[in-house]
Structures are given as C-alpha cells and as structure tokens.
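Take a look at this single chain in structure tokens; it is the form predicted alone.
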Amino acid sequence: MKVHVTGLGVTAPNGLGAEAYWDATLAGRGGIGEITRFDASALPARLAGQILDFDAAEHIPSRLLPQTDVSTRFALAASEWALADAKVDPTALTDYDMGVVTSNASGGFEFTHQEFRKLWSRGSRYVSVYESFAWFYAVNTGQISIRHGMRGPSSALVAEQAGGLDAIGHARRTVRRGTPLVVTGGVDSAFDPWGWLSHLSSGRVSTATDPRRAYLPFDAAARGYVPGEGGAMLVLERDSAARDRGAHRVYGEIAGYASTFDPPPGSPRPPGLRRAAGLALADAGLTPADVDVVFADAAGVPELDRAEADAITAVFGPRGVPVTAPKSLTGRLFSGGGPLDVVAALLSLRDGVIPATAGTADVPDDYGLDLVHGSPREARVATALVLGRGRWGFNSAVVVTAVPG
C-alpha cells in the first residue's frame, strides 16, 4: 500500500502557506531577526526565526483563542490550510476514518508561563482552567481532532528536532494499518523569556548579531543555530482512498521511514544517523544511487555538522549527492523542522529545483559534501531523503518520492 501526500499547510518565519514559504525559500528571503516578544537586549543571543505576520484572530475561532498557546494556533491554521489544499471536507468523510498524528517538543510554553506568573503573583484562583491541557505536548493532536471531527487513531510524539519526521513516519504506519486519511506534522514555539532561556541553556544557540551570518550550517564559520518557530502539517492518504475521492493533486509518496538512537556518551559505536538513513532507504526499497537530494538536519554546530557530513558521505560517498539546508532561512523549528523540510522536498520534486543553503559560503573540503549554496540548483528530483536529529540521541529519516502523474 502506498501513502500519498495530498495537502500541505505551512506556518514559517519566511512565509504563511506552502507557496509563500516556497517562493521565499527559492528567493533566499529569510525570517530571522531580533527577537521582539520581550526585551532581550541584556542576553547574549538575540536572533530568532519569528512569525511576525500571523494574526490568530483571522485564522482561529474566537472561542479557541483563550484556551490555546501560540504553537497550537499555528498547528490549527496549518492543518486547516493543508485540508483546504487537499480539497478535503472532513464533514463528508467518516469520522473514524480520519486520524491526527503530531509532534511537539516544547508544549504550550508561553501559555503555561503566563499562568505560572498569575499563580505566583496573584494566586491559584487566577490560573486559567485551560492550563490543564494547553501546556500538554498532545494538545495539538487533540485540538485538530476536535476541530475537524477526526476520531480515528491519533497520537503525539516528542523527540525534539527529529520528532516531526517521527510523526510523519507514524502517520504513514497509521494509514497502512487501515485509516484512510491522517493529518500529520509538527509545530513549535517557545519565545517567551523563560522559553528563550531554555533555548540558551543548550549552549548551541548562535550569539552572532548579523541575521545573514548567524546560522551557517556546514560553513567553516559555523557558530551555532538560530531557534525558530512554526512548522508544517500534511495530509496523508492511502493511494486508493485519494483516488476514490478524486484528489486533485498528489505531491509525492512517503516511501520510507526509520528512526534510531545514538549510543551513550563514551561508547565506541558511531552515532545512529547513518543507520537511520540506510534503514529508511531500505524501507523504501531504494539504494543510495536512487536519491537525488538530501535535506540535512544541519545543526550549525561544527562538531555536529562534521558528524552529519560523515554520515552522509558514508552512505553516498564523497560529494555523492546534492545536500541542502533551507532551514538556514527560518532557524531550527524543533518538531516543525522535519515536516517543513519534507514540504520543501515535495516541492523540489514538483518543480525540479533544489533550494540553496542560505548564508553558507565556505564548506570545508574534508566534509566531502556537495552542498547547494549561493543559489538554487535546477535538477531532476524524483527522490529526496530528509534527515532530523534531536537532542539526547534521536535520529530520524524520511524518504519521499515522486508519483507519476
């Protein structure tokens, strides 16, 4: 059974909607700038990939505004856009034939911290009853399910930057087990003062002040990443179900998926990313020679970039496949990063073009990478491999392939 992608919804720092995001990405327009949610002038890192043009009241029913974190609002809007893109009317389908699988790494950070502030400064009677679920990692799955009457198998996964790919992989599994349609993806946001300090505690956030030079994956001058917010949601359907309802468009197939975990610190065994890539290709029934582009995890941290370069060259050989990281325009979106890369990969299949890795200009020769940078590269793209790594050892890989029209 094949699982097709029939709808895309994007909330990204450089574009709302899949086409707006894609146009900005190919044009090299980024969404990284000085954080504006609070006064960060005294902090060592002040650049973030913020979504500045999203008015929740335009996209979310007013009754949901008091009970949702900003990340849930992004997820609800992106899901709505993905369903509209797929021309799916959930009221016309059987409720138990539709599921929701999402990933979230931060929970409802901003909402929760507002309520904590009320608790500490005014007392428990002032804490919103909605805090009971608005903070929770699974809330996006629940809210999307309720909003669209999707009562089929649903779940939520947490694996930091790898989690969004895990959600897509599990959604594919859910479709293959018998649920005809699943909404899936990941979204994150943690840009209140407490959330920002949590980002900084990783020790991996770039302290650069120039947005164009702050996040440089695989560059000799790489000095950390820029946190971003947002992500993407996708509509996955069993191929026969999409055909039966007359789906007007298929972006591609989720052809393979795998996840691995790194060995403990100090172990002589290698990190698990290479194995995840190999297992995903095997799951798709493909070989490295079939892959036309790799969308890298691209940590922007020198030792992590080198480890990923080693994994890619171990699978494909030195300069054996084009590699790109368009997330350098948006920052790392945590659970939203993988799904946004899958959207970019699917649009690369559609348009025959590989987006560039913005900012990066000087790739060390010993990385052995054919990194696409400077400008997009036109190419025949029929198969793409998307990689994701989460802190504490998560690795995931998704293979997407073109579907003959």
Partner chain sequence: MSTMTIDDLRTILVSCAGEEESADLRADITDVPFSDLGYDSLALMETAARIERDFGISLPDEVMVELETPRALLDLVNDNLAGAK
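In this text, all values refer to a predicted model and were calculated from it rather than measured experimentally. Residue numbers count along the first chain shown, from 1.
There is another form of the same protein, the form predicted in complex with its partner chain; it is not shown, and what comes next is about it.
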Subject >> in the model of the complex, the residue from Ser155, Gln114, Thr207, Ser128 that sits within 4.5 Å of its partner chain by heavy atoms >> reply: Ser128
Original post:
With the partner removed from view, which of 336-344, 373-381, 59-67, 353-361 is the stretch that lies within 4.5 Å of its partner chain in the model of the complex, judged by heavy atom distances?
Top reply: 59-67
Original post:
Looking at the partner-bound form in the model of the complex, is Phe133 within 4.5 Å of its partner chain by any heavy atom?
Top reply: yes
